[in-house]
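Only one chain is included here, represented as structure tokens and corresponding to the form predicted alone.
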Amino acid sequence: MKSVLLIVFSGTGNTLLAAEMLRDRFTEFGIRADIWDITGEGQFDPAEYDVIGLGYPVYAFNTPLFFLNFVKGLALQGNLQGKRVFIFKTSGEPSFPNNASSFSLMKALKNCEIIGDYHFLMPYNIIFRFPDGLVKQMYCYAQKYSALIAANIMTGNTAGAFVPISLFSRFISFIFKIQGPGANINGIFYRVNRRKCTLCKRCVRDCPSKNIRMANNRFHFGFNCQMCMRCSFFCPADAINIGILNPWRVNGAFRFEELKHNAAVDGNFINGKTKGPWRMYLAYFERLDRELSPHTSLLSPKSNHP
């Protein structure tokens, strides 16, 4: 194995960050690794790579339609035929319906050898803002996890590479496919608070589905919203109303590296003493601890793991 192509869709940057971690880990192991952000510039030929990684944020227990359709197009063109492919996804919680989020994507990859479906926990960009301690813990574990994934891909180790997909999780995932058309409908109700807006037009430039335009000095939102939250999350003036979901709006990027190096922030937010709803995260971190502990020799000494 000499090269890896990481094909990514990332709404507010969590999945892209995971892809960058994986790229850096592969590079440290002497493997060429490139990232293809499907909403950015540049093109790559998957035929030139030994392994393909497909990264996406989980939307309502499913692969975003925007990304799923892109991958289906690659598959129909034969660009993934016979390729070794692994999936990596990001979400804000370890709930079991997320196990089925890649089911439709795997069906589209029937002519590939799927070698893993990995799940990174990263903070929400909607519903509510995560505490700094949990953000730090998620980020530090993601760095460790990326090294383990890279080592697994290199050595062919599939232990822990897949989670069981139950019929019940598939059923819940199927029900929540309504998120796709629901996002399209809700998107037309987005609004910009012109009293706060600075007219930087970042939302227009950065919308991955080109759903936002400005005409006659007014913002217009179309019928192709993916509900990625990029516009509202990164608005420097917090000026975007996200329709019926506005009470759940989260604004402002997470400062991962700053939190990582801030000794005043306890990165052991989830632990054996955790009580209440946060305890649902404990099993995820304990599982990663078990998977990481036997493989410390595979982790590159060059990498900056906490």
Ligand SMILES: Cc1cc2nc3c(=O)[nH]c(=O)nc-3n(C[C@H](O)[C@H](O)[C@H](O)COP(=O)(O)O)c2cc1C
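Please read all numbers here as calculations on a predicted model, not as lab measurements. Numbering starts at 1 and runs along the sequence shown.
In what follows, reference is made to the form predicted in complex with the ligand, a form of this protein that is not presented.
Proximity to the ligand in the model of the complex, defined as a heavy atom within 4.5 Å, holds among 269, 29, 36, 61 only for 61. Interface residue among 208, 116, 92, 187 relative to the ligand in the model of the complex, by the heavy atom within 4.5 Å criterion: 92. Segments offered: 93 to 101, 68 to 76, 157 to 165, 208 to 216. Contacting the ligand in the model of the complex at heavy atom distances within 4.5 Å is 93 to 101.
Within this chain, residue 57 lines the site of the ligand in the model of the complex, having a heavy atom no more than 4.5 Å away. Not displayed here, the ligand is approached by residue 125 to within 4.5 Å at the level of heavy atoms in the model of the complex. Residue contact check for residue 151: none of its heavy atoms lie within 4.5 Å of the ligand in the model of the complex. Residue contact with the ligand in the model of the complex: residue 173 places no heavy atom within 4.5 Å of it. Applying a 4.5 Å heavy atom cutoff to the ligand in the model of the complex picks out 179 as the lone residue from 171 to 208.
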